[in-house]
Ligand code: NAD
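To begin, one chain is listed below as structure tokens, in the form predicted on its own.
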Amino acid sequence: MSEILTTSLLPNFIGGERVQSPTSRTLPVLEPNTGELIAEVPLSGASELDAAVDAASKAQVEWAKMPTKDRVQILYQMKTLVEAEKDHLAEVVTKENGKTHAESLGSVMRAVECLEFAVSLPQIATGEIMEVSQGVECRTVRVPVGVTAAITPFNFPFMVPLWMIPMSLGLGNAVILKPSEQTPLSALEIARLLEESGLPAGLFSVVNGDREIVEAMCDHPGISAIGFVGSTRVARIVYERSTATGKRVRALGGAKNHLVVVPDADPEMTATNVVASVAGCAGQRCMAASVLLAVGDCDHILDLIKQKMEAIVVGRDMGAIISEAAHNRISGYLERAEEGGAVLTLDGRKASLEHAPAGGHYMGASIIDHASPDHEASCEEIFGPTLTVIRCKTLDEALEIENANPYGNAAAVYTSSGGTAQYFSDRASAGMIGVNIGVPVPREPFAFGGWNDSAFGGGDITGPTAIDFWTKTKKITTKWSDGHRSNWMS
């Protein structure tokens, strides 16, 4: 187990070695909970990506020849290591991201599920075979795409890379990871764990950087596929730029998730769940509740939601905002909401910070009530612990608002009626639907993925359809001389 890296220039990990970048461009990595300097991260250049691609290309040739069952033994070993070190890994996530320890630990264990699914690849990533005519056989074989890249965000620095890395490696590819420059520590932990698990050198690299290295990845002729998770604006750019060079891309973007509450919803369960969806990870996740569509008289539920939000102890129950810039951005939405005529029934800027460390970027949960559907707080991804409430007369009116939003990650309904739940599920325009659950993240083997402007490209990053994304299918038709059987195809 490694110590948490502190106050040093972080290395890249290329060709199985920790390599100091020659760049003079660096950024400070600050601990969100305290504002203290953790490390400096290098902003690597194209030559460093070239070195990673070269090492990956060489190592991947022999790796691809191995049976899948042999490749996944390394992933099984990594799963064992992650489980043994889960508390240390959660500490790393908390230090660089600001989550509570419980949230960080939950994200590490979710990553374990991804490793478990990848270990099952020998049983599920199989080809098909059929005798299509007398003496004629057709079969399919899965072939790795080659060198792949993963570009990941700050909010789940250990979990999101492991949406992609185990599947890509297990299917015979090499992977180059570009983590968020705000949270680069977990990426080096992943490199260490894979190395200790026995992964051959060159198959996994970490290249730190910013926009310059992302653009180099999109353009590099040696990279065949890119998985991306981040904002919709950047996801669209990555998708368009990468596909222009012939790459396959699955780019997941942002969201504006709508929770619909109807009067027959269970008040206690609904309020508890809505608050967890809004405030979990300080609202910094693409599956967080963002808009609550209150149908009819739901004031008794809204009052309970407010009470539970007011009871959140900042610094204990809810972690920090990732940066001062993000804190200021969220505060700006609250300020403009009041100026625009909405009612700020709970202002997280005024929350007590008595239990939060000094110097950190903290705020409480906020409620923006009586917002119009076209208000910026109703339409734009705030990515903070804020809930915008829109009042609706009917469920159809609520569905019309939900359907009109350009995103499509998640939508949820709170009700005690199975008919209402089915009506909503059939009509909501989102890839992940919740019934009485505000963060409807599918668990393996069900794939994570949204619709509309929340996702670009085909296939999925996780789940069974990810097998198609990380591989190519070769079709083989075979006929041998058979004097006893013949037909027109012979």
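As the structure is a prediction and not an experimental result, all values here were calculated from the model. Throughout, we count residues from 1 along the sequence that is shown.
Beyond the structure shown, there is the form predicted together with this ligand, which is absent from this document and is the topic of what follows.
Interface membership of residue 172, defined by any non-hydrogen atom within 4.5 Å of this ligand in the predicted bound form, is ruled out.
Within this chain, residue 360 is remote from the site of this ligand in the predicted bound form, having no heavy atom within 4.5 Å. Contact check for residue 250: every heavy atom lies farther than 4.5 Å from this ligand in the predicted bound form. With a 4.5 Å cutoff on heavy atoms, residue 414 does not count as touching this ligand in the predicted bound form; it lies far away. The stretch in contact with this ligand in the predicted bound form, judged by heavy atoms within 4.5 Å, is 180-188, chosen from 81-89, 197-205, 336-344, 180-188. The single contact residue among 393, 350, 233, 316, judged by any heavy atom lying within 4.5 Å of this ligand in the predicted bound form, is 233. 254 is the sole member of 280, 364, 254, 144 with a non-hydrogen atom within 4.5 Å of this ligand in the predicted bound form.
Using a 4.5 Å cut-off to this ligand in the predicted bound form, not one of 148, 164 and 456 places a heavy atom inside that distance.
Contacts between 381-396 and this ligand, taken as any heavy atom within 4.5 Å in the predicted bound form, involve 381, 383.
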